[in-house]
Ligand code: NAD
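Next up: a single chain in structure tokens, the form predicted alone.
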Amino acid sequence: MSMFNLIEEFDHEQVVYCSNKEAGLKAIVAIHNTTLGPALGGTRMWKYPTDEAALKDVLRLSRGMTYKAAISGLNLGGGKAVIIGDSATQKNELLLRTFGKFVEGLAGRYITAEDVGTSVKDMEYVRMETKYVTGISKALGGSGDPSPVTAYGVYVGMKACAKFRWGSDSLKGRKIAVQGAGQVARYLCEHLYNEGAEIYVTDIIEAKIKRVLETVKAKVVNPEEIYDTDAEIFSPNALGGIINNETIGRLNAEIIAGGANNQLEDEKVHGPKLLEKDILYAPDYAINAGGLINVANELEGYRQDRALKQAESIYEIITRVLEISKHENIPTYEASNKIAEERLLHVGRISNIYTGKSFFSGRLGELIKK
């Protein structure tokens, strides 16, 4: 598939390639939709096998940010950036500040933040070249690490799933398999442990597991065995694409609720499969929206108590998604998309009052004409 066909498939407004030989920078910025406001989304640094793989990732991630902002009630659009390279060996001040120059050149259409392979410190380098950056340290007036708010949103979303499935949102005594032991998973495990849940945890990096075990009691399992536990809830908190033909058949869980992005390898295939198997799936971009809520708060002057309060709304959002899914007998990702698209369309009609026309194309364009 050609580059332009890929961009058209995901219905993006703008894709920018950023290259600077001296800095060693190869990056892609994808702006999916700015109906609700400027596109906000993190910058991921990853050693992609091909440039096409990087493009596919940034297109999918930025589209997810549009839906995440819409369903969360934020006045922001969806965007994302990827820097192609090994974050452990190739990341430095020159590369990050050069990337910041490219972000500045977009004049506020895209606001960046940290993501996989980048950190709060990295965003401070980016900020030296542009004001269009969030997720900076608290010392500079930012929010710092968004993981606590992301984890809290996943936690309340998981409780909403429990309430819908079992009639009570208590997680006391529930067996929960947590895949990944990064920052979000660590804070999530603390919430689960404090409520009395029985936790299974895994990660490919042993040091991360040891850090989790400093504050909670959990049973450690091998990464490949996490799907086969007798857990009632499976919580993916690492990379995406892990809900697929092979893993769905191994899961014993009745609920999937985690902080990872793009958990379904193919939503049109695996969403219906989960519905068929009667496994409740909390759509990733809805349940993990706490991170976006957190960095969005920086735009208004950051207060963590306000961000946590806003993240509580994820409980009601997930409940509504599950209710629509049950009522219409559709996969939960479809129900979540419907909620997000309704808001995009309603706000989009405000633009029509002044312009007399629609700037939507693709699926949203077809819907707004109805």
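Predicted, not measured: the structure shown is a model, and the values here were computed from it. Don't overthink the numbering: it's just position in the shown sequence, from 1. Throughout, rigid core stands for the largest set of C-alpha atoms superposing within 1.5 Å between the two forms.
Unshown form predicted in complex with this ligand; subsequent notes refer to it.
Residue-level contacts in the predicted bound form: of Gly141, Gly108, Pro223, Gly196, one residue has a heavy atom within 4.5 Å of this ligand, and it is Pro223. Contact with this ligand in the predicted bound form, judged by any heavy atom within 4.5 Å, is made by just one of Ala181, Ile83, Ala286, Ala177: Ala181. Of the heavy atoms in Leu239, some are within 4.5 Å of this ligand in the predicted bound form. At least one heavy atom of Asp203 is located within 4.5 Å of this ligand in the predicted bound form. By the criterion of a heavy atom within 4.5 Å, Gly77 is excluded from the residues contacting this ligand in the predicted bound form. Contact check for Pro146: a heavy atom falls within 4.5 Å of this ligand in the predicted bound form. Within 4.5 Å of this ligand in the predicted bound form, a heavy atom is found for not a single one of His270, Ile324 and Asn337. Comment: 205-213 is the region of 129-137, 205-213, 84-92, 167-175 lying near this ligand in the predicted bound form, near meaning a non-hydrogen atom within 4.5 Å. Residues from 251-272 that approach this ligand in the predicted bound form with a non-hydrogen atom closer than or equal to 4.5 Å are Gly259, Ala260, Asn261, in the order they occur in the chain. With a cut-off of 2 Å and the rigid core superposed, Ala311 has a Cα displacement that falls short of the cut-off between this form and the one not shown.
Core-aligned CA deviation for Leu61 between this form and the one not shown: 2 Å or greater.
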